[in-house]
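One chain is shown next in structure tokens, namely the form predicted on its own.
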Amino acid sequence: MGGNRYDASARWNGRSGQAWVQLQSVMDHMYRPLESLLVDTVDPARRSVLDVGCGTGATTVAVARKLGPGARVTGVDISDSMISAARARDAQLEFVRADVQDHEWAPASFDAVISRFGVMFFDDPVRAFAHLHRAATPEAGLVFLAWRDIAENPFMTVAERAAAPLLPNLPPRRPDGPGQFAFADPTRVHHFLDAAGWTGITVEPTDVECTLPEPELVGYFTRLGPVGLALPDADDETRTEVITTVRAAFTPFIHGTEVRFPAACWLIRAQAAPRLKTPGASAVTTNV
């Protein structure tokens, strides 16, 4: 990848992927309510499920446990380190290291496709979702969680807002490009899915309270996000000042021994069935 193209492989095979592995138990705990929400959407009758952007495999394993013996549950991620951690978590499941934008699955391989925050980093979402559509059976459904607008998720930007005066070279957010909030606009999401062949698209807001232990907070914000990417290159004095300043900025979210925050997300569903040409059909269904 070159030029101005977002290099997901470089990011998730570098510090970001390594940080997720280091913080695996913390992230599992923090996102467990969202994991449960997504797993609950999977029909128990499904026998072949693909978990896109599976990371260290928590959601993949949870779906496999729900479906039981005989089901084939596959996790795919671009990060070598995260896939290695997923395989260590459950050696019986299939975990594939691949870029979904380029990987050619066997046609009609999966009767369900899911993702928990694993699809917002595509440089070419239409290409990626078209590959997934070809891999889906005609009766397959697609369900994934993505973050809503950055303004609705203040917890996610506390660290960079507080650290900005001290770390002037923080990596910028790209609101309309690949990244955490790339799917904040439901109309854009609908466009990506529709162009890739998916039908019956619905976008539903969901708000879930997430938590992490307060003692894990500093490790969390010093490893992940723009601050986590920039901090290793800072000198010791700056690093100490950043940690003190950012830790104080999280005070509104700290409740005793827990850090709590609302995760404002979209729950997005679509169907792989061939589209029916219906004149005047609605462009998008958004339940807000």
Ligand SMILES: C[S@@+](CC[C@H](N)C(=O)[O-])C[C@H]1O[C@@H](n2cnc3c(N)ncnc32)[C@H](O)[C@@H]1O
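Each residue number is its position in the shown sequence, starting from 1. None of these values were measured; they are calculated from a predicted model.
In what follows, reference is made to the form predicted together with the named molecule, a form of this protein that is not presented.
When contacts are judged by a 4.5 Å heavy atom cut-off, G225 does not count as touching the named molecule in the model of the complex. Contact check for W12: a heavy atom falls within 4.5 Å of the named molecule in the model of the complex. Interface membership of P186, defined by any non-hydrogen atom within 4.5 Å of the named molecule in the model of the complex, is ruled out.
Though the partner is left out of this view, V218 does not reach within 4.5 Å of the named molecule in the model of the complex, counting heavy atoms only. Proximity to the named molecule in the model of the complex, defined as a heavy atom within 4.5 Å, singles out one entry of F122, F192, F95, F181, which is F122.
The stretch in contact with the named molecule in the model of the complex, judged by heavy atoms within 4.5 Å, is 75 to 83, chosen from 135 to 143, 75 to 83, 163 to 171, 197 to 205. In the model of the complex, R116, F117, G118, F121, F122 are the residues of 104 to 135 with at least one heavy atom within 4.5 Å of the named molecule, listed from first to last.
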